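Let's start with one chain on its own, the form predicted alone, as structure tokens.
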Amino acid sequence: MPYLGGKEAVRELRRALSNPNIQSDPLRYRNVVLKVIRLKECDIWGQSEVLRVLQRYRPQSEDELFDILSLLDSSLVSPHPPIMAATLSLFLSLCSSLPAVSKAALERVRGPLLAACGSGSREMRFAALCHIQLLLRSIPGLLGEHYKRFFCSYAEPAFIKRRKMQVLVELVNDENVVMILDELKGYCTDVNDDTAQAAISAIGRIGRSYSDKSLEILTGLLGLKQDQITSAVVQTIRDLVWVCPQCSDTVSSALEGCEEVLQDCQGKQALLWLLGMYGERVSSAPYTLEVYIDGVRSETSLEMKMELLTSTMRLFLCRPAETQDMLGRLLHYCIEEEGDMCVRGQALLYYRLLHCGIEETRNVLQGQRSDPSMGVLIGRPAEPISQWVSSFNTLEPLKYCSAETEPASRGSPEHLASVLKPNTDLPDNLDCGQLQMVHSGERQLDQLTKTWCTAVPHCSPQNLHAAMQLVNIQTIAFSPSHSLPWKAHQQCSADGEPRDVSTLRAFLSVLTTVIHTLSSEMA
């Protein structure tokens, strides 16, 4: 086999390893593999391709495996990132059943990866950062002591700065949290709006574990009175308080005066959600909402109007004397003058719900204020290497979009938490001739189904669909409203299962109230 650096050597290697005569002879096949491993005449591209092709080979014994690993050890710390990445991919492929060896290999490439992050090529730096994120999923503390290597320089492009900030969030610990937060604070006033918003969002994610330090920075940024910064901070605070309800007192005291700075719809929506949830702690909450209600005729955003309706209703439940008049004016406008059917429908729902009484309204609107079950971002359990090894040294990590890269403007957090992923296991045709309560406990299935069918009143598909959404039961699939029989598949999650009929009846009473309000005629 000629050792002609580059393409010729790779072609010869492929032909040799694909030759049936060589494949049928284990000893001959092994000799070809060992001969190729010692190949040094190939250029960087050729050596990377050789290492990729070698992933097809499986050693016949553990001794042979360690012989191959010893021969490849020098390539694992190669100064050339393509060779290092291809060698590590081969290591992880051969050592899939030896987690200790795989972990040791990951620790050995720490130096070459850090060197690649300082490469003169922007593309190489970006690819190295993306692959570092993969490694941190299995060894979170792999680069903890080198966190300063991921501080951003002024001249770096925005896409590299964002990736570096994502890595910094993963590297936070008790020793470096102050330094990292101070560094991120400096990026919050970057001339690039995307970079500034990414830095504010990163501080918010760190706040899931270090809430006091993060909130001190976020509330300080509100004092700059800049539109883009204030909007990003309010959205970040909204997401933070949803995960960490213990921050609500600090957040409530920091909201005063934000409405004077906010200009974009996403920031206003976040402020309205916070005022609706924690308005009883914000002295100026009714007056802030009144400003938005007075300007509702000139408001063009559908999301803003719907958020304003919900926030005003929630504030009315805790501060009725100050909110009653403005709520009446808002409902009158949305029902009588609003042209959008979504806004008008929501206003009608709230109007009819109020006719059922304050307690029924409170049961429907005052849901959970936070979702601590989302847990903290820092200190997540390490993932097995097998979950991402197939994507290592490919383009997949470069397009990988994690939860941390999502924009802050994504609507109310309780709406986001209720979104279910599509269920690909569902059949194409859902045969549900009548409404039934399907329960996992076989002993009480008949009793629960009977209670469900007798308690739920007859109503139109549209009203039932809207009622289910309001009590946080999501519709996965449903047939057109004119089809007979009408079929729907719905799902919800709860902390526990309703083991007794009384629990089910309590839920059905709320659902029945909602259905009646939707079905009743306007006075």
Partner chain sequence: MMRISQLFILSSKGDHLIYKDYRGEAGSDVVNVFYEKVTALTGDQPPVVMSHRDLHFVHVRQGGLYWVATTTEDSSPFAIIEFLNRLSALVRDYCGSLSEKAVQMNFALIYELLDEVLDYGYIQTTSSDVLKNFIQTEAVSSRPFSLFDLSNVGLFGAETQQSKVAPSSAATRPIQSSRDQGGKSEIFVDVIERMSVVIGSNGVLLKADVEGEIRVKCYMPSCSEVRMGLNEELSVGRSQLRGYGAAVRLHECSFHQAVQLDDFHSHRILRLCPSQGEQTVMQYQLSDDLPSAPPFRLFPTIERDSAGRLLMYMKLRCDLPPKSAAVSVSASIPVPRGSVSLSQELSSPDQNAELILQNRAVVWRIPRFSGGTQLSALFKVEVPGLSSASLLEVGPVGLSFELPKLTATGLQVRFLRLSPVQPGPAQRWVRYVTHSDSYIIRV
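Numbering follows the first chain given and starts at 1. This is a predicted model, so every value here is computed, not measured.
Separately, the form predicted in complex with the partner chain exists; it is not shown, and the next lines address it.
**Study point:** 4.5 Å heavy atom contact with the partner chain in the model of the complex for all of Leu274, Gln346 and Leu365
**Key:** No.
Check your understanding: Among the candidate residues Pro99, Gly220, Gly257, Gly141, which is the single one with a non-hydrogen atom no more than 4.5 Å from the partner chain in the model of the complex?
Key -> Exactly one residue meets the criterion: Gly220.
Practice item. Consider the chain as shown here, without its partner, and state which of Ser119, Gln324, Ser253, Asn176 has a heavy atom within 4.5 Å of the partner chain in the model of the complex. Key: Selected residue: Ser119.
Review point. The partner chain isn't shown here, but in the model of the complex, which of 165-173, 242-250, 314-322, 226-234 has heavy atoms within 4.5 Å of it?
Key: The contacting stretch here is 226-234.
Practice item. Give a yes or no for Leu398: in the model of the complex, does one of its heavy atoms lie within 4.5 Å of a heavy atom belonging to the partner chain? Key: Contact with the partner chain, yes.
Review point. Is there a heavy atom of Ala199 no more than 4.5 Å from a heavy atom of the partner chain in the model of the complex?
Key: Ala199: no, not in contact with the partner chain in the model of the complex.
Check your understanding: So in the model of the complex, does Met124 come within 4.5 Å of the partner chain, heavy atom to heavy atom?
Key -> Met124: contacts the partner chain in the model of the complex.
**Study point:** 4.5 angstroms heavy atom contact with the partner chain in the model of the complex for Tyr287
**Key:** So Tyr287 does not count as contacting the partner chain.
Review point. From first to last in sequence, which residues of 286-315 have any non-hydrogen atom within 4.5 angstroms of the partner chain in the model of the complex?
Key: Nothing in this stretch is in contact.
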